[in-house]
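Okay, so here's just one chain, in structure tokens, the form predicted alone.
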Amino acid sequence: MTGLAGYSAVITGASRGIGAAVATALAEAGAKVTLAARSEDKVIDVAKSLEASGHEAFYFPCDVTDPLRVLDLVRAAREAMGRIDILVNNAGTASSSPLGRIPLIEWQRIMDVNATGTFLCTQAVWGGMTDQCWGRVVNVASIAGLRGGKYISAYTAAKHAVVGFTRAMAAEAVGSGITVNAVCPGYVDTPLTDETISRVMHHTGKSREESLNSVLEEASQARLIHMSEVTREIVRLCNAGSDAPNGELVVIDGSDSE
């Protein structure tokens, strides 16, 4: 795919999992990419791998919960690529506990990374996209933000905020040349899901396979989702055509065969 040649993208949470896969997919579609993550060593590795494959890739460490670091990221990305056409808000984190065991600081951390980070990054690129009369914002939300789930009240609330923010900004974007959409996957085969399975194993003593099955059963999900299923939808939502969707919430639940 080469439909994004000449465009420039920023991807947060790009050191691993969905973020790294999205950066690769957008680069393969022709876009210049800036990868951002808190883990500088890992994001450097991803960017250098893309460069070795002939793509234009840049990297910057960034904590999306820090307004000043977000502004630094956007400034640096514009200097490196000339402009920012696409923003993929992928940075996220998760935890699971019954309501009575969630410390306030953990609630705030989950909200800050998933919801406030999405707000800060979008706000930082919005003026430039408005001025150039073109932009694509794709937020990585979750099925949890639509349906909820046992023991994930903080994560559900944060992703529900991302869903609401997506709808509001899509309405604000009408007529501007900007589109705002979200993907809402279930459990994806990523390191973040591995961490969830490890927590289940630790708390229950179950094997990895048993823990995975219990996680999927609780989510009414038949199988883990492949990252390619998510990246394919994100690239589609970055479509440069005038018929690009706006305000779409793409549910990816693994109900269909790959």
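Quick note: we count residues from 1 along the sequence shown, nothing fancier. On a predicted model such as this, the values are computed, not experimentally measured, just so you know.
Another form exists, predicted together with nicotinamide-adenine-dinucleotide (NAD); not displayed. Remarks below refer to it.
- For the three residues W126, V137 and N181, a heavy atom within 4.5 Å of nicotinamide-adenine-dinucleotide (NAD) turns up in the predicted complex in no case.
- Although the partner is absent from this view, P67 stays clear of nicotinamide-adenine-dinucleotide (NAD) in the predicted complex, with no non-hydrogen atom inside 4.5 angstroms.
- Among heavy atoms of A141, some come within 4.5 Å of nicotinamide-adenine-dinucleotide (NAD) in the predicted complex.
- H55 falls outside the set of residues with a heavy atom inside 4.5 Å of nicotinamide-adenine-dinucleotide (NAD) in the predicted complex.
- Among heavy atoms of P191, some come within 4.5 Å of nicotinamide-adenine-dinucleotide (NAD) in the predicted complex.
- Of the stretches 171-179, 75-83, 126-134, 88-96, only 88-96 has residues with a heavy atom within 4.5 Å of nicotinamide-adenine-dinucleotide (NAD) in the predicted complex.
- Contact with nicotinamide-adenine-dinucleotide (NAD) in the predicted complex, judged by any heavy atom within 4.5 Å, is made by just one of A161, V113, L120, A154: V113.
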